[in-house]
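Here we start with a single chain on its own, the form predicted on its own, put down as structure tokens.
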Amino acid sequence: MREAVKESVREAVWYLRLTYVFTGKAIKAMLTYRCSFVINCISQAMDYAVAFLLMWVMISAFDSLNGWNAYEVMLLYSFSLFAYGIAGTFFFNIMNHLPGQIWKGGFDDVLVKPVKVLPYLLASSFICNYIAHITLSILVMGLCFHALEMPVTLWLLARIIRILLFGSLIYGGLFLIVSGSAFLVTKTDALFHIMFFFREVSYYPLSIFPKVIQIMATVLVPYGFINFYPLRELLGKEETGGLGYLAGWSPVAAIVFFTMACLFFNLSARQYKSSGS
């Protein structure tokens, strides 16, 4: 038992070192075309900044959404965007490149390496494209907490990191489910668009949606655990409707969902059949 634990630790350290190497290469590639990268970040930041502004104007005109004011809804949006950015940094390239690798037979190159498939893909798929998402989210969070007169203490920071960590696991699980589906259907564009469309549920208080949507976003695809349930507890919201009593289950929901997504990916990968090319 002790030897198995030591071996697992050594393996984890090895994959972390591998991640460090690939991350360094990704950053160097980014710096090669730094002007293009900066322009891309600015355009993404402006796009989401406009979305934040329109959301603030819309909700301010109606005073609140089921008891959530404009700054509180913007917090929901920023937490969702931040968690999506972290997950996308490590998982988006897997989803983006895997269908083509499977279709052309390039996935053979991964299988012949002396590595485990999923840890290797995670280590080698780091991208820098989500810096704008994360930076803008931090700025909006600071603005919202200031407007809500919530001092940013170490305790608050710890809770924020906890929410973002488990929210990122849920988004990571979603990326893996879409990625794993490529082994079964090859083309996953429609699945990604569905995931991206329903992602907008996490931008608003879940309690404003019909009960069936609330249940789907809690049980089927746990978007509610990304930000709504934990922030409802953090902000002390008591609006009617919703399943707010589930706030404490956010870590469990995130870990279970991510674990199931990993199992789905690994089981789906076993269905891969080389094209022979």
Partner chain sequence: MGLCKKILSISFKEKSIFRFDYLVNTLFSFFYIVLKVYLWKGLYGISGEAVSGIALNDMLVYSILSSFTAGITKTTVMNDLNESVLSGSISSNLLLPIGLKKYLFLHSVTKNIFLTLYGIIPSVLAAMLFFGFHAEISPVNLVLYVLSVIMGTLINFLYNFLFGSSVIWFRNSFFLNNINSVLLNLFSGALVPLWFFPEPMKILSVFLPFRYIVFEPIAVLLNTKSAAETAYVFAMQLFWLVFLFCAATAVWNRGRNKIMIQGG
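Numbering follows the first chain given and starts at 1. What you see is a predicted model; the values in this text were computed from it and never measured.
Quick note: we don't show the form predicted in complex with the partner chain, though the next part is all about it.
When the partner chain is considered in the predicted bound form, V221 lies well away from it, no heavy atom lying within 4.5 Å.
Under a 4.5 angstroms non-hydrogen atom cutoff, the partner chain in the predicted bound form lacks A217 among its neighbouring residues. Although the partner is absent here, G236 sits far enough away that none of its heavy atoms falls within 4.5 Å of the partner chain in the predicted bound form. At the 4.5 Å threshold, heavy atoms of F197 reach the partner chain in the predicted bound form. Site residues I39, V50 and N66 are all in contact with the partner chain in the predicted bound form, judged by any heavy atom within 4.5 Å. A190 is the sole member of L148, L139, A190, L156 with a non-hydrogen atom lying within 4.5 angstroms of the partner chain in the predicted bound form. In the predicted bound form, the partner chain lies within 4.5 angstroms of at least one heavy atom of each of the following residues of 194-212: I194, F196, F197, E200, V201, Y204, I208, F209, P210, in sequence order.
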